[in-house]
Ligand code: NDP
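Shown below, as structure tokens, is a lone chain in the form predicted on its own; questions about how it binds or moves come after it.
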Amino acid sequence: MYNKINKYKREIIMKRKISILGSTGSIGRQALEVIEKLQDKFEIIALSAGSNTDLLNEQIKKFKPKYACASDMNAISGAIPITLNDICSNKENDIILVAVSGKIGLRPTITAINNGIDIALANKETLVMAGDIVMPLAKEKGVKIIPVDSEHCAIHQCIKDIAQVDRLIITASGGPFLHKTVNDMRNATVEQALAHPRWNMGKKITVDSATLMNKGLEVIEAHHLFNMDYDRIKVVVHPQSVVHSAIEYIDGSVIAQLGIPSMHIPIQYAITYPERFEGIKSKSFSFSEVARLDFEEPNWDKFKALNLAYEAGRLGGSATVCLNASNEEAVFEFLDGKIKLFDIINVVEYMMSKHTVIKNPNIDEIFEIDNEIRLKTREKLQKTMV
């Protein structure tokens, strides 16, 4: 009995060992805020950043990870510089939060899975580009992939038995142009596109939210995460962003996850799963303060990106690589003020129409296709800007 009690006490005080890829980005910074609140529950093994080494070094000083990674390894101070691959090969980790943006997150995620390390996934490209590879590999290795996106996190919390689920219902705020005209969107400035009414996110994902491409990418993610046919994944616009998503069971019951619009909540759920702790909570949820919840169908004519994402998802293979790469390149040009908001979708549609789908590309082929699409997209964008 005494030994059982001691074992229980050791399990209670044992800290979960975590590394954060992309610690200086929006998700990474909020994850560190969560961990600071739950500092007795976590030990940070490694942090990684891109070029923002000043902030990374501040984080190293505060959270004291043993290892760190940055684009300029020589600029790292206070931790041992190692590569992303080394971080994800370190079996000290209980879980790795993949919060880098772009395709850079794919190979480290696969490395972590091959090493049996659970993943809190906040990187869309990993599943959009290679979901057919990543999810079967995770199943083979017995690795949990816990989604960080608020929508997928909501669905994850609602599901008890995926075999009894009839539909996934993914909510979308509608972004800053929900009730604006097509002309308003056509002439939108960068500042207007970045003025999201509910969420505080990075620039690229905020522009994707303005076009609803982000929701399309989330549909593709949901397909892979929950092994659900595209015909059984529905998008509904919900401006208040209180219902983060829902599922409909085969008996007609609908289960939804609600909460205030805060990324701290899904981040904490993902990195502490299956446990829950008090953590960061600015205030308790109040139905009376919410007062009303509105829902409507997406305007498919105005938000063509959503159609394109469904089309790419149903085509499968390299079609989703084409969708993601061309969109990302176009968004960067929009953020630089070189093209209009509607040009993003027009370019993506053009690139998809010219792309010959490869059905089952391997990882190397995925990166080759990605590079090829980006090059061709930039060429197309140059003509658009002339």
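Numbering starts at 1 and follows the sequence shown. Predicted model only: the values in this text are computed from it and were never measured.
Here the subject shifts to the form predicted together with the named molecule, a form of this protein not shown in this document.
| query | Check Met185, Leu212 and Leu306: does every one of them have a heavy atom within 4.5 Å of the named molecule in the predicted bound form? | reply | Per the other structure, none of Met185, Leu212 and Leu306 touch the named molecule.
| Heavy atom of Ile205 within 4.5 Å of the named molecule in the predicted bound form | Output for Ile205 is yes: heavy atoms within 4.5 Å of the named molecule.
| Hey, in the predicted bound form, is Gln157 touching the named molecule, heavy atoms inside 4.5 Å? | Answer no; every heavy atom of Gln157 is more than 4.5 Å from the named molecule in the predicted bound form.
| query | So in the predicted bound form, does any heavy atom of Met263 sit within 4.5 Å of the named molecule? | reply | Yes - in the predicted bound form, heavy atoms of Met263 and the named molecule come within 4.5 Å of each other.
| message | Given that the named molecule is not shown alongside this chain, does Asn57 nevertheless sit within 4.5 Å of it in the predicted bound form, heavy atom to heavy atom? | response | So Asn57 does not count as contacting the named molecule.
| request: Find the only residue in Leu127, Val100, Ile96, Ala312 having a heavy atom within 4.5 Å of the named molecule in the predicted bound form. | output: Checking each option against the named molecule in the predicted bound form, the one that comes within 4.5 Å is Val100.
| query | Which of these residues, Thr109, Thr171, Gln268, Asn123, gets a heavy atom within 4.5 Å of the named molecule in the predicted bound form? | reply | After the contact test, the surviving option is Asn123.
| request: Could you tell me which stretch in 352 to 360, 336 to 344, 315 to 323, 24 to 32 has residues with non-hydrogen atoms within 4.5 Å of the named molecule in the predicted bound form? | output: In the other structure, the partner sits against 24 to 32.
| query | Using a 4.5 Å cut-off on heavy atoms, what residues in 140 to 156 are near the named molecule in the predicted bound form? | reply | Read in sequence order, the lone residue that approaches the named molecule (within 4.5 Å, in the predicted bound form) is Asp149.
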